[in-house]
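Single chain ahead, by itself, as structure tokens, in the form predicted alone.
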């Protein structure tokens, strides 16, 4: 499937900002099931850009703005070929234990995935092979944490969302990560985009927001979307991976000037072929 993604975001300010220093994580990755054919980041005001790959393998666009401005707009337009994901593996617990040193950062709780006693108990009670545990725990999260847009914010933790019983896709991913890591399965947070139509029509554009899901290590990385209860597949476009949302915010920076107001996010996804 060939998908075009247009992601626009930014900030407005109460008074003129004289300088701002920014990082954007918006460029889709190339990997085994995804090939980025083109990607362009534009800013308004215009700014010289540099790019680097961070510790987790995400491409970061860095830019500074040194002209007075009251609004910063950042847009990334990308064309990506996606392919079906492989079926999950079914390793033994002994294999996972043997690889624990390699994946230690993705086995320990991160800032947003620290479990409470309830989550620890659920993880310890999970039975079966690693694949069985991944499927059971992710299904449990889908049943318990309802997807409710606007019910939480970027500061919400896995425990907060679990106790509230609702959240957005990043919260559902955080709860799933908390359980999987506590159960002994290496797992990482993935951000990107999802074409929301189950059978995307060529030329049809759908609107949405940035999406988040999870990859578990089952002898190889397997992606699944606990918000929708489906494996990550051709409709998913990967931008960034890390321990949790804190490792890969789409846009962050510092500035000198007045108060700031977030402009929000506009995402358009179109199937091209």
Partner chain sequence: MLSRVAESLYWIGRYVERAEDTSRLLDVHVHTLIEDPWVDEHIASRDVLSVMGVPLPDGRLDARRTTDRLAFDREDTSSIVGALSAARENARGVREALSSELWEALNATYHALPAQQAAAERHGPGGFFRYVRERAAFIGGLLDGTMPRDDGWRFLVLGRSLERVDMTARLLWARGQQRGASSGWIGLLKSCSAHEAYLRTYRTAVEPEKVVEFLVLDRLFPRSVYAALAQAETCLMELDPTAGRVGVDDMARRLLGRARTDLEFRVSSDLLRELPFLLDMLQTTCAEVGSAVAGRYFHHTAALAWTAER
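Residue numbers count along the first chain shown, from 1. Since this is a predicted model, take the numbers as computed values, not measurements.
Just so it is clear, the following notes concern the form predicted together with the partner chain, a form of the same protein that is not shown.
No residue of the trio 136, 224 and 230 has any heavy atom within 4.5 Å of the partner chain in the predicted bound form. The closest heavy atom approach of residue 198 to the partner chain in the predicted bound form falls outside 4.5 Å. Among heavy atoms of residue 127, none comes within 4.5 Å of the partner chain in the predicted bound form. Looking at residue 265, you'd find every heavy atom of it more than 4.5 angstroms from the partner chain in the predicted bound form. Although the partner is absent here, residue 253 sits close enough that one of its heavy atoms falls within 4.5 Å of the partner chain in the predicted bound form.
Interface residues of 174-204, taken as those with a heavy atom within 4.5 Å of the partner chain in the predicted bound form (partner not displayed), are absent.
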